[in-house]
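In the block that follows, a single chain appears as structure tokens, in the form predicted on its own.
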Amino acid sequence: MSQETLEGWADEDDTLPETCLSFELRGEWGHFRRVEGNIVKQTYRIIPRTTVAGLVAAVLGLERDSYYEAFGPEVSSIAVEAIEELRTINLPQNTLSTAKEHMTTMPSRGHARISMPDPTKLRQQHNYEVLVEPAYRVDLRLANDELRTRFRDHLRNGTAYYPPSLGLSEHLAEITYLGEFDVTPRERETTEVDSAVLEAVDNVELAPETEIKVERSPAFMAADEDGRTTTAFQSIAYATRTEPILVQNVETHEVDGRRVMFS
């Protein structure tokens, strides 16, 4: 089985379906590296939208940098809800560089080849901030019918082209399919939101007993001559202990009895 591109999956209908695929992501560890540099490699708490797209592409076996259009703002929407308390620790790790110039490919010819760093090189120690036992519910809508159907088949069968992970490849993820649910739009109102709150940070009503945090993470990407570039970020508010957040004057959708915000 080989990697695929989306060229053969043409779908003229760019209308989002009235249902979404819902699944849980869990793992012992997770690391979604923040774009801003620091001595400690910090992590986003909420899995970024771009990472969800990459995970879906990995399950489907799509080529690197080939799938960004299928996850554009007009043809996809994603809601993420943290379902376990968000905790982090700092974890020092000794690593080898995986930059292209430091990799060795064996054998030098043929189709069945692997690339690996030189194990005789000195390791560098880095401090990683990692999420401890992160878990999320993801609600996913895709306009591309074939893409959606193939991903639903993988969810039902518990299969994947590449092992799914939570950020770094060593942080393996367990995926549980929850089902396909109707997506019902709700009028703008003040309501409790179960998912992460998107682009409505100023509308969040604070409560003494609920710790709210905010982060700004990558939302959309596009392929370019260097591989890819982030084209948009989004502001996210979330409760660290996963309680619903009261948000004023906000548009939401109802999915499986929950209020969520898609982007």
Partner chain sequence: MSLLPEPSMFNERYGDDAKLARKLPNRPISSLRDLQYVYGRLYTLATAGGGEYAAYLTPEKSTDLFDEPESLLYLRVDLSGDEPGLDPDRPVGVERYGEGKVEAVAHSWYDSARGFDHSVTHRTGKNKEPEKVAEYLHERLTAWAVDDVIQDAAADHEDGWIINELATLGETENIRERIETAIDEQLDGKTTALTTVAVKVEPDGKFLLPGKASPVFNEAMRARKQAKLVSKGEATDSVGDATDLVTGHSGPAVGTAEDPLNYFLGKQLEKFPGFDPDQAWRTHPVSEDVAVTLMNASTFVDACDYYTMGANVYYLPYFFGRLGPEDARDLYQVLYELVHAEDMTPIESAYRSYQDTPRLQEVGKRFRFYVAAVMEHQTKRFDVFGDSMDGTLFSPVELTRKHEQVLQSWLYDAEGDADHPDPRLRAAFPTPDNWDIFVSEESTLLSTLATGWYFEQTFATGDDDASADDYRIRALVAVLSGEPLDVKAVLTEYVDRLLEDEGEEFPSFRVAAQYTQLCALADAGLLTGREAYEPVAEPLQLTDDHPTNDMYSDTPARADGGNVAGARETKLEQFLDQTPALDEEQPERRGSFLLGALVGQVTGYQQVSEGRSTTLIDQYPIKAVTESKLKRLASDVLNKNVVYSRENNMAGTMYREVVDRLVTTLPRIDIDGDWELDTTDLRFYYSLGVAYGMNNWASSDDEQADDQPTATQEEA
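Each form is matched to the other, and the largest set of C-alpha atoms that superpose within 1.5 Å is called the rigid core. The structure presented is a predicted model; accordingly, all values stated were derived computationally and were not measured. Positions refer to the first chain, counted from 1.
There is also a form predicted in complex with its partner chain; it is not shown, and the following applies to it.
- Site annotation in the predicted complex: the residue of 190, 169, 90, 184 reaching within 4.5 Å of its partner chain with a heavy atom is 90.
- Here the chain stands by itself, but in the predicted complex one stretch of 49-57, 66-74, 22-30, 231-239, 231-239, has heavy atoms within 4.5 Å of its partner chain.
- Taken together, the three residues 152, 160 and 178 all stay farther than 4.5 Å from its partner chain in the predicted complex, as judged by their closest heavy atom.
- Interface membership of residue 103, defined by any non-hydrogen atom within 4.5 Å of its partner chain in the predicted complex, is confirmed.
- None of the heavy atoms of residue 122 is located within 4.5 Å of its partner chain in the predicted complex.
- Of the heavy atoms in residue 126, some are within 4.5 Å of its partner chain in the predicted complex.
- For residue 99, a non-hydrogen atom is located within 4.5 Å of its partner chain in the predicted complex, even though that partner is not displayed.
- Once both forms are fitted on their rigid core, the CA atom of residue 117 lies 2 Å or more apart between this form and the one not shown.
- Core-superposed comparison between this form and the one not shown: the Cα of residue 224 travels 2 Å or more.
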